[in-house]
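Shown here is one chain on its own, the form predicted alone, set out as C-alpha cells.
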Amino acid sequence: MTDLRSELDRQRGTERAQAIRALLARPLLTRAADPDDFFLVARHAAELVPWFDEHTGWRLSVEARQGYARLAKVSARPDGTRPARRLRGNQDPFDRRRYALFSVLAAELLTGQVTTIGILAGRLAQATAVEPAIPTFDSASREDRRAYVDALLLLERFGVLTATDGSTDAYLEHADAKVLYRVDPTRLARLLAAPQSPSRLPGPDLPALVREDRYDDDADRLRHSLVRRLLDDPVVYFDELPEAERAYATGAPGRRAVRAAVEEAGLQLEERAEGMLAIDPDAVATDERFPAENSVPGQTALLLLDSVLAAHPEPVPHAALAEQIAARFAELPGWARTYRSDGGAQRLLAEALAVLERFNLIARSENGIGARPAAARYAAAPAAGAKTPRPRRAR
C-alpha cells in the first residue's frame, strides 16, 4: 500500500512539473489551442495556484469552464527579447504599429460581446484619429490592413475573439470583407499581467505599472525575484544581481529555497562560482533553442562562438567576426542565400550575436565580443558530463 501511494505521489509530482513548464512556455493556455496542456493544468490547479504564489509571487487563474488558464508573469525588468509574433508568414515580431493597434483594439472590444471586422475597423480609425501619438488607422492602406489583421489574429489565438462567420484573412484583400466575431470579455480582461491598473496611473510609467505592493518581507521578495529569473532566463550570473539578491543566492538558505522551487518545476539546477543554470532536460518550456541547427542565425551563432571562445579572455573585434561570415559565404556558395544581398553579412552578424546575447553567452565591449562563463559549455571539447543549457521560455 505504501509503495502504491509513493508511486501515485511520484506520478502527481511529475505531472505537476509538466504543467508548471507548460505554463512557463505559454502563460495563456487555452483548451482550444493547447488541449493536452490545458487539461493537465486544470487537473492540478488546486496545487499549482499556491505553488506559483509561494515560489514566484505570480498569480495563476484557471477557468476550467471558460477553457483557459492565465499565469500573470510580472517582472520589474523590461525584456524586449520576447516580442509578440505575427501568426502569418515568417512569424516576424510585432512592430510598434501592430502593438499600438492591438492595444487600441483591446480597449474597443470592451464595449460589447458581438462585433464585426468592419465595425472594429471604423472604431479603430476613430480612436486613433484623436490620439496624436498614434498614426490614424486607414483601412484603404494595405499595410494598415496587414497590421490590423495581425492584431486580430493574435486576439483570436488568445481566445479573446472567435470568428463565428467569415475569415479574418479575407480583410487583407478587401476592406469590405464580412467577418462576425464573438468577444470573450473575461479573457480580454486577463490579458494585462500587471499588478497596477493603468487607468489609475497619472501617465505612462512602466516601473509604476509593475510595482508590487505585496512585499513586507525581504526574504519573500528576494526568493521570488531569483526564482523568476531562473524560470525565465537560461543563465543567471551573480555579478548581474543586485547586492541583496547576490547575498541571498549564495547563502545556504537561499540556495536551498531556489533549488527546491526549480526542481519541483522539473528543471535541473547547476550551481557554479559565476552563477546558476536551470536545465530543462525535456525542452518543454521552450520558445527558442540553442544550438538551432535549422536556423541560419543559429548556425552562425555557433560558428562565431568558436572564435570568441578561442580568443578568450580577449574580445574579438566585430570586423573579424564579419570577415568570418564572409569567408563562410565563399566556402559554401549555397548557404544562407537570403543573406547574400547588400548588407546581408552585417545583418546575419547582428542576428547571430543577438542569439548569443539572448542565451547570455557573450558580452559586448568597445573592443569587441567576449565570452561569458556559460559559453564554455559549447567549446569544441566540452568537459565530460556537461549538459546543454535549457532553452529560453516564452512569456
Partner chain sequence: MSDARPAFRRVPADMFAFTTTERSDLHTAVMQVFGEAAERLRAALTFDEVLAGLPEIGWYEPVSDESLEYTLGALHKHGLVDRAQNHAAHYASAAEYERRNLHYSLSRKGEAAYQGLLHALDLLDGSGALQTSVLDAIAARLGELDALLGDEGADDRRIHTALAELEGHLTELRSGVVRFTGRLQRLLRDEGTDPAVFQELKQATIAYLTEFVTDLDTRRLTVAEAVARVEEHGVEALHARALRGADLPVLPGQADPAPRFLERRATRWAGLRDWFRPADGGRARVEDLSDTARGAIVSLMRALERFSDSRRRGSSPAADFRALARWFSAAETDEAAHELWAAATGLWSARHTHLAPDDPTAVGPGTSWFRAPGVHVSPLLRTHGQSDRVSRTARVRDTTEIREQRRQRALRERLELEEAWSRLATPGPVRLSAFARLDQGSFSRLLELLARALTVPARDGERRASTADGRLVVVLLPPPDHHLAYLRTARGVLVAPDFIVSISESRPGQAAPVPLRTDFRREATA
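Numbering follows the first chain given and starts at 1. Bear in mind the structure is a predicted one, so any value in this text is a computation, not a measurement.
Below: the form predicted together with its partner chain, not depicted.
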*Quick one: does Ile117 come within 4.5 Å of its partner chain in the predicted complex, counting heavy atoms only?*
no
*Consider Pro83 of the chain shown here, and say whether it contacts its partner chain in the predicted complex, taking contact as heavy atoms within 4.5 Å.*
yes
*Do Tyr248 and its partner chain come within 4.5 Å of each other in the predicted complex, heavy atoms counted?*
no
*Could you tell me if Asp184 has a non-hydrogen atom within 4.5 Å of its partner chain in the predicted complex?*
no
*Picking from 128-136, 215-223, 315-323, 164-172, which part of the chain touches its partner chain in the predicted complex when contact means heavy atoms within 4.5 Å?*
128-136
*asked:* Can you work out which of Arg59, Arg328, Arg31, Arg347 has a heavy atom no more than 4.5 Å from its partner chain in the predicted complex?
replied: Arg328
_Contact residue in the predicted complex, chosen from Asp239, Asp176, Asp205, Glu263 - any heavy atom within 4.5 Å of its partner chain_ = Asp205
_Stretch 297-326: residues contacting its partner chain in the predicted complex, 4.5 Å heavy atom cut-off_ = Gln299, Leu302, Leu303, Asp306, Leu309, His312
